[in-house]
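The form predicted alone is given below as one chain in structure tokens.
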Amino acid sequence: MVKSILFGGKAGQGPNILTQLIGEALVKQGYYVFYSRDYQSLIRGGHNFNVISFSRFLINSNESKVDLIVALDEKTREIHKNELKNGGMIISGDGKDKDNMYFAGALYRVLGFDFKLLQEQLKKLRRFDENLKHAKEGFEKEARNIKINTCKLKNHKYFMNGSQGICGGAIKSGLDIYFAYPMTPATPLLFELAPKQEENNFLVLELESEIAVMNAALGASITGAKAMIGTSGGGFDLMTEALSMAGMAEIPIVCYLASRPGPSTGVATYSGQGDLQFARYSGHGEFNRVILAPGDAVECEELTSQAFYFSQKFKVPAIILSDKHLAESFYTSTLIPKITKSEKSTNLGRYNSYEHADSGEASEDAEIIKQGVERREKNKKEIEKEAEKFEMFKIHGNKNSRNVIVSYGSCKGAILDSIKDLDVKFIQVLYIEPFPVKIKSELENAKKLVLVENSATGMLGDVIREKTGVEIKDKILRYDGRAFTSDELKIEIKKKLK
């Protein structure tokens, strides 16, 4: 059983806090919950909506149809009425403006939840008396009900989004300082880290530009701080000169790259995976980097800790590749993130953007130039060897199947939900650089081989061909700024497997 609720309204009407309240309530009732956000680049007005899906079984994505629409305004009803399943329900203000807490109360009645739970939730918010009044009004006025059963599970469950996962991984890795200039969809990480500074003894600084952010982070790193930066594609563009310096001067730095559709401003508040090759080739010259691509909130925490580990151990830039869908969607999990500990690797000394000897002293001597290049190449081999100690890719589904789906990042959730009853093996790539060439045998033995990606060109397929020689001809690509839904993806996968 999977049920879905769509919450829609204008920016400023509070659909996010409403969605969060209901999501937390569903988790407390024992459900697995997933929800995603869709919003325009507006502070007020326009149309925003969130979709919650919940089930007794693990769920990692939304479907294209919903059971219930919560319309904070009439525009939501008109836009989404065709997405309602047969027998579905719409909760609205009947043409009257209602506070979002009114709808929280109405939903509690519809879902059959004890109002006392909502009352406890409201104590955590401002304006308790006012919120409680509106919530009681909605609870008392609504008389309908949908049949769901509580399903108390004994396993401890996380309910967090990708940004919270990145935040947790950074803090547990001993983060000293985080620099950022706000840019969607990396900004939520800034908001997650900022309130936690004093409690966890680190510093968050918002500087005047992305160029300042990267250079300040490198300066902090060479004094011994564990430094991290966060941005999206347009901001990362401005950081690439300093990224090259990190590669030459051997300065550890962790970069959080939260992708959105480009080029240029693109679609600022939507999602895409078009920055894969950009992450691989940003900067000039030949230098080492590690690129990790988590696919859910728990992996965000785990791979962030691994990014710090590789960056500190080998003194290279480590890039965590995410996107808006992963950064802002909430996932439920029973897994406890595995944190990889790392030691600080820099001290005050000479760091040079020029080619240099081991001492850091600039040089144009041919032999020293040659030694510098060879030193970095040796480091590359050591990184590749060290990476084999980690889970560089995962295999999901029927591990003996010769029908193979390949993907990475935020596509993971919809793929897992779409193949539950299909004869399919899903290979999820976690390490982009260094690349897990061992997947070659899995790909070569495939009868059907399909790439799933949120891009127009299927860049992971290009990486796989470069690294393994295997060409993936069948592709399921989405590039409209939206994430895959599991039911629509399932239809496309079935077509490819015929």
Partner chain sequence: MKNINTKTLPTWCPGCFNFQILAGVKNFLNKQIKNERDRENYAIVTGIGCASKIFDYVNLNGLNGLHGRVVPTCLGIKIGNPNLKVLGFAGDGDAYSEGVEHLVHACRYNSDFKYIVHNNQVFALTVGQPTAVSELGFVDKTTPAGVKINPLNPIKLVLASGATFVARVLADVKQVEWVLEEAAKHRGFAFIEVVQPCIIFHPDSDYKKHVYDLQESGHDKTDWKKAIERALEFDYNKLDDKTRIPMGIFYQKQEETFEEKFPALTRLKRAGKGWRDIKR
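If you're wondering where the values come from, they're calculated on a predicted model, not measured in any experiment. Residue numbers count along the first chain shown, from 1.
The same protein also exists as the form predicted together with its partner chain; that form is not shown, yet it is the one meant from here on.
In the predicted bound form, the one of N379, N398, Q119, N201 near its partner chain [non-hydrogen atom within 4.5 angstroms]
For this set of options, the contacting one is N201.
Since exactly one of G93, G112, P182, G360 fits, which has a heavy atom within 4.5 Å of its partner chain in the predicted bound form?
The option sitting close enough to the partner is G360.
Which of these stretches, 411-419, 368-376, 385-393, 221-229, has heavy atoms within 4.5 Å of its partner chain in the predicted bound form?
This holds for exactly one stretch, 221-229.
Exercise. So in the predicted bound form, does G349 come within 4.5 Å of its partner chain, heavy atom to heavy atom?
Worked result: Within the cut-off, so yes.
_When the contact criterion is heavy atoms within 4.5 Å, does G247 count as touching its partner chain in the predicted bound form?_
No, G247 is distant from the partner.
Problem set entry | in the predicted bound form, E208 touching its partner chain (heavy atom, 4.5 Å) | Answer yes; at least one heavy atom of E208 falls within 4.5 Å of its partner chain in the predicted bound form.
query: Taking heavy atoms only, is D176 within 4.5 angstroms of its partner chain in the predicted bound form?
result: Because a heavy atom of D176 falls inside 4.5 Å of its partner chain in the predicted bound form, the answer is yes.
Candidate spot N16, Q29 and K157, all three in 4.5 Å heavy atom range of its partner chain in the predicted bound form? Checked in the predicted bound form: no contact with its partner chain for any of the three.
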